[in-house]
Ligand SMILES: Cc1cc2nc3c(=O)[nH]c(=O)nc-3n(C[C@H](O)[C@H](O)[C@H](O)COP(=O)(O)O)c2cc1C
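Presented below, as structure tokens, is a lone chain in the form predicted alone.
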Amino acid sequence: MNGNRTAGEGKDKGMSALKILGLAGSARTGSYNRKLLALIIDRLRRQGIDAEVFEFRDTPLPMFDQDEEAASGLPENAKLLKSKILEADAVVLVAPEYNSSVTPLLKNAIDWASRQDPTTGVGNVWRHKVIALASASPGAYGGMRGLIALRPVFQHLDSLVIAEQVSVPKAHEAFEGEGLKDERTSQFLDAMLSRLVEVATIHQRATVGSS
């Protein structure tokens, strides 16, 4: 990729600027993963990318209940989440690690977004969606085991998860101002985002070309 170009330059006719959605697997005030996501969104926006966060604190989802779904349909916030994922060219998930796995909040959101909306007919919005994974944790592994648990979930959902990922260890002391103290980790993050933009651009071009 040409590092001097923004995401909106050099696109084929008919292509729009990239849209990237950010999801954090924790709604906790002071969450390290929300802090990492904010940093990611800022870096994407500095490249001219339309990047936004779906805040679970503002739009909470009920725990998935198939009986409730059958009786009342998809909750409005689940419909909103599905629409945001569907609109995005790529999704960044910043995921805490709970007991070497995925947080209930994030898994619940993933499950709701995979359900079919009977009013619109829109089903699994993760299908063919370009996805990047990142994590932060006070522990030495930076939440990496949670990301390992996420990959087979998205493989099952037919998503396009890029190989590059970032885990930020010792998260309680990893941030400095608007960035990361460790330059190597910061470079890994930039490399992951560069790859995400590259793959999302290729995928958008292929989608536009086949429409």
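As the structure is a prediction and not an experimental result, all values here were calculated from the model. Residues carry their position along the shown sequence, with the first being 1.
One more form of this protein exists, namely the form predicted together with the ligand; it is left out here, but the text below deals with it.
Within 4.5 Å of any heavy atom of the ligand in the predicted complex lies no heavy atom of Thr120.
For the chain shown alone, Gln165 is not a contact residue for the ligand in the predicted complex, no non-hydrogen atom being within 4.5 angstroms. In the predicted complex, none of the heavy atoms of Arg46 sits within 4.5 Å of a heavy atom of the ligand. Not displayed here, the ligand is approached by Tyr32 to within 4.5 Å at the level of heavy atoms in the predicted complex. Judged by heavy atoms within 4.5 Å of the ligand in the predicted complex, the contact stretch among the candidates 70-78, 109-117, 84-92, 132-140 is 132-140. Counting a residue when any of its non-hydrogen atoms is within 4.5 Å of the ligand in the predicted complex, the hits in 69-102 run Pro96, Glu97, Tyr98, Asn99, Ser100.
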